[in-house]
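Heads up, the chain below is alone and in the form predicted on its own; it's given as structure tokens.
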Amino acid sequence: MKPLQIYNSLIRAVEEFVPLTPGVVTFYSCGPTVYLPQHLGNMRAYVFVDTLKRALRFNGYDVRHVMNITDVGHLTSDADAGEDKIEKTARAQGKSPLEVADFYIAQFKRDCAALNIELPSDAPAGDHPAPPQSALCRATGNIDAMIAVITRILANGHGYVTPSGVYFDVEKWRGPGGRGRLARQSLAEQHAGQRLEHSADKKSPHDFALWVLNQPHHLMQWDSPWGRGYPGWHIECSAMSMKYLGETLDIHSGGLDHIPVHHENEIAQSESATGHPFARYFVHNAFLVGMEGAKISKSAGRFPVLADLIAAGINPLAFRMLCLGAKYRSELAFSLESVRAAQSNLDYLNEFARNLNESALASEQDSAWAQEYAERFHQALNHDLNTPQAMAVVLEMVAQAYRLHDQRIWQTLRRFDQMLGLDLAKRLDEVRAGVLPPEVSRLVSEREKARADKNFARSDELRALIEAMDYVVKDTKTGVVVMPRRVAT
């Protein structure tokens, strides 16, 4: 079997993945800024992160994964301009920044659970980790780590302190005419079209803030060796990734929009602090776009969220299926029609799993013909995460099982699903045990309340949502009965 190959943005080519420590992968992914709901474009990125992590595990690696949560320091412009995004929402909603962050973190976790995205465990407060270890870590819980990295940058001569803040000296780091290692752009090219804030005490408009000072109205501030203030956005990822994973990462992921500024700045500040390479593989996902080709983003105004799909009667895992149906480095056009088409394929797989006979489920060994599909699936996966081809192999194998009247492919299909994350085994277990999944139970409860309130329009909407998740609702004299469609028929 060909080893796992991945596109490395550092060299702009697909290459074999080889971790620094045999068998162990250190993986850092840029996480959410929690000031609004995460739109479906954001969620595509997190589905990709989860897919890459599952692919690494599928190839036998022990993955130590860290994802940050930005709850301070990300301004409305990536170029150190504008308001703090968390504080802007807090002021608009009349809440504290902590209340805003906690609310949207909880929503983010619920959306990830609905999409079967496996997040790392929350980092404990006041921890002193021995890297590498997995963690879901908040910026506000790692201020000391950021101050420590900034101190090293200053000691190595790559930063300077002014009354307005601590800045990274980009031109000194790059040298005359230097180009970014990741974006391969000059500073003029990197910031073309941006309005750069040039404080009077900054050496260059290209220098970025490591620590912001003298902002008395900012709601979140901490003491530091340079004065009371708060961190810049870029330093957060460097500090947290190195704290939990070590000074050189195997993989750093993020969206394509992170390449020219955020990730370029991460490399500069991290390597100036440590003297070591920061990340050996940078892996970037492309955007989710509307049917007209425009990138889906919060700045564009109204943006679709997972709740919109659920309200339209679509299983959230159909969106995951849609993401798997496109190469991660290609733009993915979104519409309700495209998600519904993906749900048809998901329903096809679920229906096959639900109708497996006892002998197929009990068999520890699949039919010999399934081995060819297992090899083709793995081959597609290891060729730069070609999930569309891998999904085609899965659907073809199920179709072959129907043609041959041979259901003995369950072990292979279940292993595929450990990679795909479509929860086929979980749904099968729920059917066999007669247990409703949590999301269905919640909708049933909401529908019962709507009926009690005589809100029959809402009751009908909720019934449609339940049936979209492949369950049948029957109102009887003794109460409501909800069962999987296979059992109902």
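In case it trips you up, residue 1 is the first one in the sequence shown, and so on. Because the structure is predicted, anything quoted here is derived from the model rather than measured.
This protein has a second form, the form predicted in complex with adenosine monophosphate (AMP), left out of what is shown; the following refers to that one.
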The chain here is shown without adenosine monophosphate (AMP). Which stretch in 247-255, 139-147, 378-386, 90-98 comes within 4.5 angstroms of it in the model of the complex, by heavy atom distance? 247-255
Heavy atom within 4.5 Å of adenosine monophosphate (AMP) in the model of the complex - residue from 286, 114, 339, 392: 286
Just to confirm, with a 4.5 Å cut-off on non-hydrogen atoms, which of 462, 422, 45, 55 contacts adenosine monophosphate (AMP) in the model of the complex? 45
Should residue 69 be classed as touching adenosine monophosphate (AMP) in the model of the complex when contacts are defined as heavy atoms within 4.5 Å? no
With the cut-off set at 4.5 Å between non-hydrogen atoms, does residue 451 touch adenosine monophosphate (AMP) in the model of the complex? no
Are any of the heavy atoms in residue 38 no more than 4.5 Å from a heavy atom of adenosine monophosphate (AMP) in the model of the complex? yes
Residue 30: heavy atom within 4.5 Å of adenosine monophosphate (AMP) in the model of the complex? yes
